[in-house]
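Just the one chain here, the form predicted on its own, laid out as structure tokens.
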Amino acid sequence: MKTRILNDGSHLPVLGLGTWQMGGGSNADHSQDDATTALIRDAIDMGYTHIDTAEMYGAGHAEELVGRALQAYAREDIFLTTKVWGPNLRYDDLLRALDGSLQRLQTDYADLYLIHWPNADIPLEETFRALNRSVADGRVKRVGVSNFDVPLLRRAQTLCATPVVTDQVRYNLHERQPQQNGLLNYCQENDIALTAYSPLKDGVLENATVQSVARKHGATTAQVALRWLTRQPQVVTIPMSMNRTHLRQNQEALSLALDEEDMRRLDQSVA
């Protein structure tokens, strides 16, 4: 699996496994627990060692399923990301939320812990006091944010005792806000990974240019959309799939040889 070197010197696989809707949406769904656990393990066996989850996914159940799956592997072989939900950003609440996440994940630490969404009602200074303590205690290896614009990301950098290694945002061929608002450029200039979630949403796979480029290369539309993202400096992405064939195809996207003309056409494509 190809990696990006983070600003703390560590390596992050450019293609991760997203887990939103595994184990439920906003509420827990236990109906597919065994199948989902098996799928996560199969994904890891394929080379998906970057796993992304959050305490709000399935009301914590996605973390439980990830934790169950990870028991079959050496912990140091997995880059595990989870997120604290917006209402839990006060100092004591965040520390309790982290306790809960680590218990559900059956691990002593998170490789990366993100603020899932900013919360204007809670001072960012208070949140980062808790995050900095969590890093100092060894329960969090790295800190990042999600859904932060450039001004908020700058503030986070001033408050974080360690490098802010990523900003996770919705970014794909049709959702170009990170380009339009300067976030992508800021991350690229400041050695911050931009983690693109929902890389295949928003009608991307129906885009005529994506389909044309896919036909040219004998590839799937998903592979083209993912390769467009991962060819960009500092960009990583975390598609979710419950289909093993799609998981393999997504992984193969990293070797898709898009040329400069392909990239130009994709850059200029519109919904």
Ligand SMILES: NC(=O)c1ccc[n+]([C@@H]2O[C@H](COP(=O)([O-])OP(=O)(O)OC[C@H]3O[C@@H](n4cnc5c(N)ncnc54)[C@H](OP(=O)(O)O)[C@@H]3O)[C@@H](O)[C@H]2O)c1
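One rule holds for the numbers: they count along the sequence shown, beginning at 1. Remember, predicted model here, so these are calculated numbers, not experimental data.
The form predicted together with the ligand exists for this protein as well; it is not shown, and the discussion that follows is about that form.
Engineer: Suppose contact means a heavy atom within 4.5 Å; in the predicted bound form, does that hold for all of Tyr57, Ser146 and Pro199 with the ligand?
Structural biologist: Looking in the predicted bound form, the three residues Tyr57, Ser146 and Pro199 all sit within 4.5 Å of the ligand (heavy atoms).
Engineer: Check each of Leu70, Ile238, Val210, Ala219 and return the one that places a heavy atom within 4.5 angstroms of the ligand in the predicted bound form.
Structural biologist: Partner contact (heavy atom, 4.5 Å) among the options: Ile238.
Engineer: Considering Ala28, Ala214, Leu205, Ile44, which brings a non-hydrogen atom within 4.5 Å of the ligand in the predicted bound form?
Structural biologist: Contact residue from the list: Leu205.
Engineer: Can you say which of 90-98, 146-154, 123-131, 184-192 gets within 4.5 Å of the ligand in the predicted bound form, counting heavy atoms only?
Structural biologist: Residues of 146-154 come within 4.5 Å of the partner.
Engineer: In the predicted bound form, does Ser10 have a heavy atom within 4.5 Å of the ligand?
Structural biologist: Ser10: no contact with the ligand in the predicted bound form.
Engineer: Would Trp117 count as a contact of the ligand in the predicted bound form, using a 4.5 angstroms cut-off between non-hydrogen atoms?
Structural biologist: Heavy-atom contact with the ligand at 4.5 Å: present for Trp117.
Engineer: Evaluate Glu63 for contact with the ligand in the predicted bound form, applying a 4.5 angstroms cut-off between non-hydrogen atoms, and reply yes or no.
Structural biologist: Residue-level check for Glu63: no, no contact with the ligand.
Engineer: Look up in the predicted bound form whether Arg231 has a non-hydrogen atom within 4.5 angstroms of the ligand, and give yes or no.
Structural biologist: Although the ligand is absent here, Arg231 would stay clear of it in the predicted bound form, with no heavy atoms inside 4.5 Å.
Engineer: Going through 235-259, which residues have a heavy atom within 4.5 Å of the ligand in the predicted bound form? Please give them in sequence order.
Structural biologist: Heavy-atom contacts to the ligand in the predicted bound form: Ile238, Pro239, Met240, Ser241, Met242, Asn243, His246, Gln249, Asn250.
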